[in-house]
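The form predicted alone is given below as one chain in structure tokens.
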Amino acid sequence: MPTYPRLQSLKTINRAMEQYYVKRKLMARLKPVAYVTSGAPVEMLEAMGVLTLYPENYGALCGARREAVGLCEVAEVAGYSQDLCSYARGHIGAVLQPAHAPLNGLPKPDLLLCCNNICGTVLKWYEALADHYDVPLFVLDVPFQHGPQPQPHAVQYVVAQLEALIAWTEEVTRRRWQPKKFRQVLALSNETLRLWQEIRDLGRHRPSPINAPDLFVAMAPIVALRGTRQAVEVYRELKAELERRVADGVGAVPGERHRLLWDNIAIWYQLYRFFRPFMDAGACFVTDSYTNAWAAAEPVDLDDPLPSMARTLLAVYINLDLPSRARIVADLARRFEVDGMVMHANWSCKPFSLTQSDLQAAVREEVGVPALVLEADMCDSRRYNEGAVRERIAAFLEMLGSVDGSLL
């Protein structure tokens, strides 16, 4: 079987994430802990010395370690439907039986911050956590966007909630708002964003120095470590390694023949195994809609941060209408010069998946690339039929080969 070059800097990122969980668990004895959703303004809490943890990120970790199914079953026995998000079921299972969970679960939270710009499930998930732990919950409501640019009244509405969040966090934690520290955290967050954008853009080179499964591993710091110096450092290392690959003509997939776009969340329990047939056929996933969600934001204005933070919260990919999403994906397809698209019809993530047939049609009409749609789940492997998936992948690759005349 062919071998593929591995990015050494991903080891640094994995170590950083291991340290993140270990350190946060130790520091939880000294500082308040907040569970936050991935679309929340984490920089505000970090500036106040509040430790932040992401149950969604933890859910992905459970999936990648292939421990999600057992935890989902714990939640299901407790009455949570199998149709719920597997991130939610996996985390709730870890809350109910931490001894059977990776890292023995997460430290108990002192407060919860839920931002509904990613999905509606988080609202009930966090209400369940607030009830279980008997801790206060702040819900930051972000209006759905029917267009590419947020309306001024929507920005003002979110700004008012950000101001309320500051006052609420001061009251709950007895910690004072620190504008100077906030500016420092935002500057680091902006630098992390810039580096992540540049890392992803390196995929435009031929051959691409990075493949989608590498991007899925590498995205962890911009989610969990955003606003820290460590995130900046690990991304500088990753960028430098990718630039060396570009200079040396080294591709993530040697002999790259096909350039593909991935849509939706990763299949965590099959992360590299899933992509192997594509790689063996010379197909590299040079871009994706999922990790792009953390690259599409504009830097925060350090002199007037709340309005620009509000616009970023409003512009989260799955908080946008279908025409706006289609424009984003079509732009990715053009900029990265892709030959096709693979869409993960994810049982768990309804906001990402329900519009995929319309998205597929819109992107194909605008850019003309074929698409393969595969049903699976991001963490619950009971929803994955490997035989059927492999057959459909083989047919798609054969079709790509017939289009460009290459022999797969």
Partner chain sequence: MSPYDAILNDLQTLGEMPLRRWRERFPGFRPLGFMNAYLPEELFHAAGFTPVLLLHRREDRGQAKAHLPGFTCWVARSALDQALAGELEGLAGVAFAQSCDAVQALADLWPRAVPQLPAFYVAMPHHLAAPAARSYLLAELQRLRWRLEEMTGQAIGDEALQASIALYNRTRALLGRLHELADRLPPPALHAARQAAFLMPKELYYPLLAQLLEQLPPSGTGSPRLVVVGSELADPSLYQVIAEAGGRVVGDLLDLGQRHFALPVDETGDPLQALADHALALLPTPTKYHPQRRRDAHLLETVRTRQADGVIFARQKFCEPHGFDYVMLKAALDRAGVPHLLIELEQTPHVGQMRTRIEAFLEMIGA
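Residue numbers count along the first chain shown, from 1. Worth saying up front: this structure is predicted, and the values here are computed from it rather than measured.
There is another form of this protein, the form predicted together with the partner chain, and it is not shown here; the text below is about that form.
- Although the partner chain is omitted here, in the predicted bound form all of Gly120, Gln161 and Ala164 have a heavy atom within 4.5 Å of it.
- A single residue from the set Asn292, Asn116, Asn211, Ser189 has any heavy atom within 4.5 angstroms of the partner chain in the predicted bound form; that residue is Asn116.
- Here is the short version: of Leu313, Val329, Ile199, Ile92, the single residue with a heavy atom within 4.5 Å of the partner chain in the predicted bound form is Ile92.
- Although the partner is absent from this view, Tyr80 contacts the partner chain in the predicted bound form, with a non-hydrogen atom inside 4.5 angstroms.
- For Pro143, a non-hydrogen atom is located within 4.5 Å of the partner chain in the predicted bound form, even though that partner is not displayed.
- Contact annotation for Ser353: at least one heavy atom lies within 4.5 Å of the partner chain in the predicted bound form.
- Contact check for Glu375: a heavy atom falls within 4.5 Å of the partner chain in the predicted bound form.
- Screening 171-179, 246-254, 273-281, 145-153 for residues having heavy atoms within 4.5 Å of the partner chain in the predicted bound form returns a single hit, 145-153.
- Within 4.5 angstroms of the partner chain in the predicted bound form, the stretch 322-347 places a non-hydrogen atom from each of Leu322, Pro323, Ala345, Asn346, Trp347, taken in sequence order.
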